[in-house]
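Next up: the same protein chain in two forms, each one alone, written as structure tokens (structure 1, then structure 2).
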Structure 1
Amino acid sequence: MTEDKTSIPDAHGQKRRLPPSRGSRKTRQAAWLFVAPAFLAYAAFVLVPLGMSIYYSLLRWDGIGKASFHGLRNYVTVLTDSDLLQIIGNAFQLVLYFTLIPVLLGLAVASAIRSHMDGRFGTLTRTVLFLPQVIPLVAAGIAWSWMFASTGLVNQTLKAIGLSSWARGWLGDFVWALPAVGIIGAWVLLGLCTMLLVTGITKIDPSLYEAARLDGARPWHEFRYITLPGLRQEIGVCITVTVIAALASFDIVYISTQGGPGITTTVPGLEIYRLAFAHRQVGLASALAIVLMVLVLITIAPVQWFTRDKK
């Protein structure tokens, strides 16, 4: 056993903690000096705006004139207004596309190219799938708007294979506009999820797969009992990033549909922008922003708990 040098026995035989040494105080002071710049930046760009948003959410203010205290009525409006509830629901529907499709396809691709990581096939696959990540979201939204247009590539392809009845103006359809936006988001996030999962799968010991094959395990068993547990943390990161992207989406929706038709593709991020800058309801916009932040935290917390390292 090592001797505890941070305490000494007193006259009654009980241990009494020693005051911190001069060296340890200097170490802590030096640590705070290193932490201070990052903390100041975090406070300036995160904590202060968050506090201001909470303050504004309690006001009735047009952003220019005199503000009046409004209490929690802005929050009541957010949680009872049917249009705002539908807008929040739209964001959660996008989670199905932004999260499920990239994560499931990423797992499939990572498993398929696991044995070809160092070959040209693996390199080419990773490059092609990661390309959407380096394309600006505005450019991606414009390109997909062209493809989803009435005379765009999607409808031309459907007509070419004999499915003319399926052709429609996807982004202007009340039923299909939101799924079309979801497909755009899934395409953008697929490369990121695939790269994270491919990187994670390289950390799994290859001998586990060899032992499983010697025991007669099939590919599905290898995937279920080796790949999935080994990628627990990477899957958690993918789900966290994609859920936040869905709930806080703005640019893709703004470029492709501007929230239409009606409010079928309007999401909280876009509605916050409209309320604050078009309708001059800064208090209501701030309340919606705070509610959105709480929903993101509530949604992400179980994912973080379930996918954390169990060791």
Structure 2
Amino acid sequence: MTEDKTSIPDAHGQKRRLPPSRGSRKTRQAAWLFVAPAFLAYAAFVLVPLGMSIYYSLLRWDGIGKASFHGLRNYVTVLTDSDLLQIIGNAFQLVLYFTLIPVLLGLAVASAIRSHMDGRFGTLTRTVLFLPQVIPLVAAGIAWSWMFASTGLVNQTLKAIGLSSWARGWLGDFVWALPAVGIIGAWVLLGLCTMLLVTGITKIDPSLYEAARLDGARPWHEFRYITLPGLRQEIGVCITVTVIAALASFDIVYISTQGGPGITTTVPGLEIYRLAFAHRQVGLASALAIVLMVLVLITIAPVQWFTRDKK
């Protein structure tokens, strides 16, 4: 848009596009040649499958035999079946753990350690906190399955501090399995969020804090009126990343609980996999897949809207 404002009307009173080369036929051809390979790969393995997903979602199909047209009935099932609704609900419960813990704890830690991240100690901190981002989620799942096992570290600690009655097989417990899975996600994402927030804080003008202190602001006020508004964008990024991780989770759940006990930890990603490849309900699996995609989009959109820098 800015280009148009700087352009100069030519002899015919039409706007001349700047830079002049951009609109020419040759440039357009070159543009297509540069973009085409990426677009073909994207089309072949994302756009076409997505279209197929939508098509499958309208079918009643076992993946082998003849498919019959099923209209929107698969979607009605996804949105009314109590099991499937619980599974979608599970994903949103995971958002609470995957998002709230890393963001709130990250905020607390980041504002406390604001100016202590330079030098060797800072490098060491960064390295350690990024470890969960580098290893496969499956490995995190295995590590934490062991932590939550009956003789694992969580129960060992509880027994050591005299809370033996609390000890249990966490991942097999109908009440505690989902929170336990949530803790695994929180552990994976906590370091990343903390570091993003620390970086955000170091970008806030230090004179703001000095001025606040001269005005007699308490730490809480500093946090509320300087740190929090200054971190708007970074908080937005953390929420976006963690919400997607929760709603589209698969690896951690597949490894740590396989959705059990019952369906207490089943998430949409796992259910799509099961419906399509174990129960041979390709149509229903596809409808759930489309619903999952839409849920991610409508959950992320307002976060992006509220936390982007208003320019």
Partner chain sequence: MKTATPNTLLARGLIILLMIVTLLPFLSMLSAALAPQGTYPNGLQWPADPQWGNFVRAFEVARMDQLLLSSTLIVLGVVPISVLISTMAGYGLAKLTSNKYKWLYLVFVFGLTLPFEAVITPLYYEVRALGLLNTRFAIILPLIGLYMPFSVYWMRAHFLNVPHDLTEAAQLDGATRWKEFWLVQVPLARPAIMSLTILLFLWTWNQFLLPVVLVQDPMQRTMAGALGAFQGQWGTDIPLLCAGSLLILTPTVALFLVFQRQFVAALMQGAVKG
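Given the structure is predicted, the values throughout are model-derived calculations rather than measurements. Every residue number counts along structure 1's sequence, beginning with 1. C-alpha atoms forming the largest set that superposes within 1.5 Å between two forms make up the rigid core.
Form assignment for the chain places structure 1 as the one matching the criterion, namely the form predicted on its own.
After superposition on the rigid core, displacement of the C-alpha of Gly262 between the two structures stays below 2 Å. Positional change of Ala278 between the two structures stays under 2 Å at the C-alpha, relative to the superposed core. Taking 2 Å as the criterion, Ala43 counts as shifted between the two structures: its C-alpha moves by at least this amount when the rigid core is aligned. Summarising the core-aligned comparison between the two structures, the C-alpha atom of Leu33 is found to shift 5.4 Å.
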